Every structure is written in structure tokens, then in C-alpha cells.
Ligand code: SAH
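In the form predicted alone, a lone chain appears below as C-alpha cells.
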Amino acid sequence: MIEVILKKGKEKAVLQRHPWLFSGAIERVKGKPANGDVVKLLNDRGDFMAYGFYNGQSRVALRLLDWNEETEINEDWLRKKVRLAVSSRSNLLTPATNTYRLIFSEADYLPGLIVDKYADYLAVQVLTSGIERLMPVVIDELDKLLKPEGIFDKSDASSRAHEGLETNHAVLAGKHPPESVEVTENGVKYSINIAEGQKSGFYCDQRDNRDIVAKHAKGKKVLDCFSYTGGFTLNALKNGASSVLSVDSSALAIDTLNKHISLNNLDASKHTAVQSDVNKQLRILRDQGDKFDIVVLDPPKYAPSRSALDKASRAYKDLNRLGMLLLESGGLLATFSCSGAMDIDTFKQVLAWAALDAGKEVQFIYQFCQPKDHPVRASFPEGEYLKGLLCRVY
């Protein structure tokens, strides 16, 4: 096996079992590994440190897999990791929920592999060259464990380019998913376009948070921003909201949301959808003097890296300032960040700045997080990307 030698003084993160090793920490490579090869990592004294996937053109040069020298990184090792991830989610499948994440990359010790379940279909995203080379085994194991109607590859993330990989949309096993796959989450029905939808087709990471916010919605006037296909909207209507205004820039998302209202036999007269840039629409609502009891802000990733954090913080502050101005006194702001670079303490500070600018008093009454099918590995805090706060605003 090809050996990679660590620079002196660069052992700390490896010893703490962080799964990423950056290229700058490598002293030299003995041999010429291909992207995706399993290599052995040694310290500067020649002692074994870990096994990992190598990629010579990625800033993350090694994705560490196992810290036990006696371990063999082979087909059996891979199948055991897949089985462990799938079995750990077995309690999530209920009559009320048949869509969730089965494998969550580094958190499940399979760096670069994401698998989501949508009723009888699986959607896969492959983000590393190491996993890409092992996909025939992964697909075979998933097929044996779950016997899905089909497994579809949604590997179109821009991060694949950093690993020297092209985008891929293809059936990996079974049937091509139909244009519409009906799934159920918390008793709410959704029609998912697996092949063409964003990410893997649906944002299942907000499952618990949608339910939590909806429990406050009875008799309330709700504004759902960045509504996409209606997760927060549908749950609020189902739980008795007096009205919901949904705002999203995508015409397709709005059209799908309206179809979801019909699919769930909800009262369409209580719902209004607006296709618009959210920040622009918030200013229009402010200028009109509109007020709401609950405002939901679930924007896309503003800070893809730490270098973008200052700019993202200003964007989050302005967005939340506008949201606060639209609330009745004592109303609730459910606000989120899916930026891994934005930690919860920084997010709280941003909201404090937003409150000052809006002339509002804010109480943090609940802290949102990602659900248990998106676990956070103790040695990989970067996996905790989704955070949010339920705020009472005066």
C-alpha cells in the first residue's frame, strides 16, 4: 500500500480522529497513488496513523477512514459501514414518515456518500473519488438491504469538480424514478421529482423543525420565506394556521407547493403564494404595513466557507431585521442557517445585531438543529451545518 508521510507537528487533528487531512500537512508521498486509492498515513517517524482515500488534486488530500492498523479497508469493511448506517435509521420508518437520510457522509464514516430514501426509491450523491470507485459495492449492499424500486445517482454537486469528478445523473439499479414520487413526512404528503429536484430532491433535514414550528401555528398568520415546495407552509396549514403567505423565487417551486396543497386536501383559500426575490418581497410587505404572527426564514447557504462569513453575516442580519419588522409584538421568528461556517454563537450575535437595527427586543426560546438521521460525529463538528432559533420578538 502506498504511504503518505505527515509533516512534523501535524499529528493533532489525526490523533483526534478528524476525517480530513489537507494537502499542506503532507510532507511527501511514497509512490504515485491514483485519485481514490486507499493509502496508509504515517507520521514523520514512520509510525502508523490512519488509512484514507487519497486525492492529489483536492485541497482535502486525504479522507481518513480508519485508525486501526489491523483493519483491512476492503469490500467487507465497506458493506459493514453501509449496514450500520442503514440499521441506525430503522426506527424512522413509520406510517407517517417514509423519507429520510440513510447515509450522511463523514458522520457515517463514509466520506462523500449521501443516500436519501424517498418511499421505494433511493437518491445517491457521490462527492469523493474514493467512494466513486467503490459504488458498485455500495449499490449492491443497498439493493440487498432495502430492495428499492430504483437507485438514482444525483451526483451534480459543484464540489465533485474539486475531486476531478464529472456530474452524473443515471439509474444505478432498478427503475428510473417517475417524474412524481409521493412521499410522506410527519403525515404530510409531498410529490418529489428525484431526478430533477434540488439537491437529492427534497430537504428532509428540516423534518423535525417543520413540526415544531407548526405546533405554534393554530389560528396564526404565517409568512414562509424561501418556501421551496412548501414544507413549513403545509405543516402550518395542517395545524390550523389562519393564513399562510409563501414566498420563493422559483416558479417551479411555487407550482409544486400549490399542487402539494391539493394533494393534502388543505384549504387553498387560506394560502397565497408569491414568486419573488425574498428580500425584495419583505421590503414590499414592510412598506405596505403588513404584519404576521409567525415569520419563517430558511434561506440558502450564504456562507459556503469561512472566508465568506463576514459577507454572509451582513446578509443574515439584513434578512432577519426585515423579518422582525414584519412581526406583531410577541410574534415568533423561526430563522435558520444551513451554512456550516456559521456556528450557533455567531448566528445568535447576528440576530442580536438585527434586533438592535430593527429596534426590537428578542428572546431565544428554542434552538433548532438537524434531525437524528443527520448525526454529528464528535470528531467532525463541521457536520453540524443546520442550526436555527425560534425567537419571540417584541
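In case it trips you up, residue 1 is the first one in the sequence shown, and so on. From a predicted model like this one, the values you see are computed outputs, not experimental measurements.
Not on display, but discussed next: the form predicted together with this ligand.
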Query - Partner contact for N279 in the predicted complex: this ligand, 4.5 angstroms, heavy atom - result: yes
Query raised in the report: Does S227 reach this ligand in the predicted complex, with heavy atoms at most 4.5 Å apart?
Result: yes
Report task. Report whether the minimum heavy atom distance between D248 and this ligand in the predicted complex is within 4.5 Å. Result -> yes
Query raised in the report: Looking in the predicted complex, any heavy atom of F292 within 4.5 Å of this ligand?
Result: no
Query - Partner-contacting position among Y118, F152, Y316, F232 - heavy atom within 4.5 Å of this ligand in the predicted complex - result: F232
Query raised in the report: Of P300, P178, G164, P304, which one comes within 4.5 Å of this ligand in the predicted complex, counting heavy atoms only?
Result: P300
Report task. Within 4.5 Å of this ligand in the predicted complex, counting heavy atoms only, one of 89-97, 118-126, 213-221, 271-279 shows up; tell me which. Result -> 271-279
